[in-house]
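Starting off, we have a lone chain in the form predicted alone, written out as structure tokens.
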């Protein structure tokens, strides 16, 4: 692995307790693996736990997370109303002057104290992400020559703003989660292939009793499971509507189980468990007939890979090139473009148990090969040396 470097990993939130998010989970996982391997590493993050208010909740200073040192820094004051006003304009595809794009970033999550620490902290390498936060852009401007961006990039209006384009042009390199994510960056920013590496995140192997979850909750009907943030950007309202329509059209008692954070409109066929312990989530994945992921905006699809590890096939939104790629590459799932696709795929999966078993077995083998920590760490060490 060559000479040891002092490495800072920067995440908007520390992914423990209430701070749940795919990018934060990924960055914490990489930092933990670096620390466990004996690398000199510290996770730098904010005092916030909520990704909407960004209120300073945690105490500034250093705490331990297993083998990892974690240092919290305060979020700078922000005009949240102004941030959301400009974000709505960007989201609808409006072309804004550079001044407004800078205001959008300035009123998002920022931490000048964290960036000042980075400048003076003596770190040889910095890993930071995801791409669309003011904090990440701020870090890129502070230490561009040392930064390996972990962008978690999606094809969305924010990716086309001038500050984001400049960030990709100036950083030392990028650590991507998947092949389609790297290809997207190359298309959008003319990023040279040599400046990026696909790393991803390791998925811990697990075994659990598929019958335990349903038995405890009295679930007799087959059910779909979704785990993660419940919001329009993740497609959860769409999924609920599709399951409602499927029940009405097909006349089959199929339930939908949800775990994760965010509000959900109540429905008699939805079992909302909220944030659950990891073991409960794994039991739910193993018990589910299908793991459904309706999001178009994914760079890796951690929960899909976890469902594969549970030997449960996935049904994903074809609008996400990454999720479709994961299902096609693994042979572990199907995908839908619109409701007729969804209905046809779900009917097929419900009716064909051998198919479900076959898809689940393919998915498990794929994760064990491509997303074991042994495979991911090898890619990470190579990226740190090459970039």
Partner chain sequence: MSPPPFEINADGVDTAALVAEIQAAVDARMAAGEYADARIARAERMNLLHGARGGAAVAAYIRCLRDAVEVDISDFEIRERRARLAPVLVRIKRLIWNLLKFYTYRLWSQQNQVNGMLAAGLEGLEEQTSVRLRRLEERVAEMERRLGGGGEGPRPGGG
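Small disclaimer: the values here were computed from a predicted structure and weren't measured. Numbering follows the first chain given and starts at 1.
Below: the form predicted in complex with the partner chain, not depicted.
Contact with the partner chain in the predicted bound form, defined as a heavy atom within 4.5 Å, holds for exactly one of 68, 47, 26, 345, namely 345. Proximity to the partner chain in the predicted bound form, taken as a non-hydrogen atom within 4.5 angstroms, holds for one residue of 117, 252, 141, 244, which is 244. Taking the partner from elsewhere, every residue among 165, 188 and 370 has a non-hydrogen atom within 4.5 angstroms of the partner chain in the predicted bound form. Within 4.5 Å of any heavy atom of the partner chain in the predicted bound form lies no heavy atom of residue 256. The partner chain is not drawn, but in the predicted bound form it has no heavy atom within 4.5 Å of residue 60.
For the chain shown alone, residue 328 is a contact residue for the partner chain in the predicted bound form, at least one non-hydrogen atom being within 4.5 angstroms.
Taking the partner from the other structure, the partner chain in the predicted bound form has a heavy atom within 4.5 Å of a heavy atom of residue 355. With the partner left out here, the partner chain still marks one of 209-217, 289-297, 74-82, 128-136 in the predicted bound form; by a 4.5 Å heavy atom cut-off that stretch is 289-297.
Along 95-110, one residue reaches a heavy atom to within 4.5 Å of the partner chain in the predicted bound form: 95.
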